[in-house]
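Just the one chain here, the form predicted on its own, laid out as structure tokens.
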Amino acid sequence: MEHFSVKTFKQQLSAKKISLAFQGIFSQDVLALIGKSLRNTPDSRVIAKRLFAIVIEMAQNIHHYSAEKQYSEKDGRDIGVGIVAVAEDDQHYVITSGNCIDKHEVPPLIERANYINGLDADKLKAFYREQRKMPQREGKPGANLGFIDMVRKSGNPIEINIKDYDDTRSFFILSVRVNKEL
């Protein structure tokens, strides 16, 4: 049996400049801890707030929409399971999340992301306002603004990658770059 090496894991995190990584149930307590961690971002407070907002949006997506759930004793219900990581390169912070989704959800997600990524700043703002006025989708929490918010806050397109997971689910990977310079 191959043993997990914390030392190797730490070296991999350092080599990829990953400052935050969490895998598991995205409860309110976890979100609070992530928020505390992101407040210590060495760059400007504005950038730290953007990072926090995007991480929270991704975590809420996992919380609500992940096809993989675990029961939370504290919340008394099933909560979505996934992973979120914050890495950096010379010019950007890169926030990435991953979670299982039902395969039938893949085409509309890709279509929505492509549509949002194709809008300029003015059209994105107008689309945001339009979406806020829409009635809540049946059986879906939230106002369907997540992708829009991430693009607006980051100033960059969202990146989606879909990997096969099993016969009925795909693994949905969402990445957003936040510029280090304002």
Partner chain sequence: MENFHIDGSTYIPRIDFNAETGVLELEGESYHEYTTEFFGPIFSWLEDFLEQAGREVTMNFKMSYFNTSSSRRFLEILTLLEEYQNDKEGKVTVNWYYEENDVDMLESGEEYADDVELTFNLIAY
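Remember, it's a predicted structure, so these values are computed and weren't measured experimentally. Residue numbers count along the first chain shown, from 1.
A second form of this protein, the form predicted together with its partner chain, is not displayed here; the remarks below concern that form.
S.K.: Could you tell me if all three of 17, 157 and 180 have a heavy atom no more than 4.5 Å from its partner chain in the predicted bound form?
M.R.: No, because 17, 157 and 180 lack any heavy atom that approaches its partner chain to within 4.5 Å in the predicted bound form.
S.K.: Within a 4.5 Å heavy atom cut-off, is residue 117 in contact with its partner chain in the predicted bound form?
M.R.: Contact with its partner chain, no.
S.K.: So, residue 127 and its partner chain: in the predicted bound form, are they within 4.5 Å at any heavy atom pair?
M.R.: No.
S.K.: Tell me, yes or no, whether residue 104 is in contact with its partner chain in the predicted bound form, where a contact means a heavy atom of each within 4.5 Å.
M.R.: Close contact is absent here: in the predicted bound form, residue 104 is far from its partner chain, nothing within 4.5 Å, heavy atoms only.
S.K.: With the cut-off set at 4.5 Å between non-hydrogen atoms, does residue 40 touch its partner chain in the predicted bound form?
M.R.: Contact check for residue 40: no, nothing within 4.5 Å of its partner chain in the predicted bound form.
S.K.: Given a 4.5 Å distance limit between heavy atoms, list every residue of 53-85 close to its partner chain in the predicted bound form, or none if there are none.
M.R.: Heavy-atom contacts within 4.5 Å come from 53, 56, 57, 60, 63, 64, 77.
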